[in-house]
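What follows is a single chain, given as structure tokens, in the form predicted alone.
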Amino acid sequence: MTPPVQERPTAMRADSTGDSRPFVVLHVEDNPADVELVKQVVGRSDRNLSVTAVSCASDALAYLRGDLDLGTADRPDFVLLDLNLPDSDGYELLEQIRSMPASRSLPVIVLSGSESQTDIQRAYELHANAYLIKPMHYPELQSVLERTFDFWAHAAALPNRHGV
């Protein structure tokens, strides 16, 4: 098991329930460079985000079940999922997330370098909420991530994670 990477917010925001808390993203990614890119986007923004990164499917599942303490008391508001993982492919993880009653409504956004229609179709058949094709250049990736975080953290109405 590799140690988790966390990016802590500097400020808290009040959500619709009046509860001050960060918007929590679980980033499932085995490539340290991609984890660092997400950390950089979060670090450069004024968004109230907390990103917890794990590098394998087993750690992601343990975290979602509450069996792995990664230093955050909050369950994620959404999952940013890479499809190529060392211990399981992202499709298997997505299927397992959807089979867990407490995570069925958890938004899962696939972020993949694959443009294959087969991959895209399979992700949506397994109930991914979005499939984003990972841009090759940092400025484009930064833009995609910023828009994604803005949408899920501010525009989308999400299920109450504390009521699960």
Partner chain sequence: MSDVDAAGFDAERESKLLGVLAASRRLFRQLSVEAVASVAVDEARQIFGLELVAVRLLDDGALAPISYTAGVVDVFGGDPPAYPRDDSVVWTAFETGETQVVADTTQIDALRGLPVGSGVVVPLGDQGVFTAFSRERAGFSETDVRLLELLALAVAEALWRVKRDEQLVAAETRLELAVDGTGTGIWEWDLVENELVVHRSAATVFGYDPPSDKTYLTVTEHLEDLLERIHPADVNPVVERIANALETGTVGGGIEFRAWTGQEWRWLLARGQLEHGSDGDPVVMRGVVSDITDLQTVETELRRTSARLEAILEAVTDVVIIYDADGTIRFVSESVTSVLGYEPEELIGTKGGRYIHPDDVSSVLDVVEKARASKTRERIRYRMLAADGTWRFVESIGNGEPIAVGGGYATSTRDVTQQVRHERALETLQTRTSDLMQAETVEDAAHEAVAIASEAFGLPLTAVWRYDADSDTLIPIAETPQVRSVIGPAPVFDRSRGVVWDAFDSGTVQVHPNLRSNPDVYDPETAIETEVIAPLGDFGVLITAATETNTFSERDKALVEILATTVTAAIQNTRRKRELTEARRLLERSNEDLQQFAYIASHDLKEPLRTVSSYLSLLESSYDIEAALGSDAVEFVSYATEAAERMQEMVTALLQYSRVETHANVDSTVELDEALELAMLNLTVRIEEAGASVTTDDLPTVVGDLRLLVQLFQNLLDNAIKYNDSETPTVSISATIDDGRCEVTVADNGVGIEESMRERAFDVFERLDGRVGDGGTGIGLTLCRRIVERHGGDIRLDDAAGGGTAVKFSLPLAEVSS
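On a predicted model such as this, the values are computed, not experimentally measured, just so you know. Positions refer to the first chain, counted from 1.
Another form exists, predicted together with its partner chain; not displayed. Remarks below refer to it.
Engineer: Which one of 47, 98, 122, 134 is close to its partner chain in the model of the complex, taking close to mean a heavy atom within 4.5 Å?
Structural biologist: Result of the distance check: 134.
Engineer: Can you check whether residue 31 is within 4.5 Å of its partner chain in the model of the complex, heavy atom basis?
Structural biologist: Yes, residue 31 lies within 4.5 Å of its partner chain in the model of the complex.
Engineer: Going by a heavy atom distance of 4.5 Å, is residue 56 a contact of its partner chain in the model of the complex?
Structural biologist: No.
Engineer: Under a 4.5 Å heavy atom criterion, is residue 103 part of the interface with its partner chain in the model of the complex?
Structural biologist: Heavy-atom contact with its partner chain at 4.5 Å: absent for residue 103.
Engineer: Does residue 129 reach its partner chain in the model of the complex, with heavy atoms at most 4.5 Å apart?
Structural biologist: Residue 129 lies outside the contact set for its partner chain.
Engineer: Listed by sequence position, which residues of 98-132 have a non-hydrogen atom within 4.5 angstroms of its partner chain in the model of the complex?
Structural biologist: Heavy-atom contacts to its partner chain in the model of the complex: 113, 114, 115, 119.
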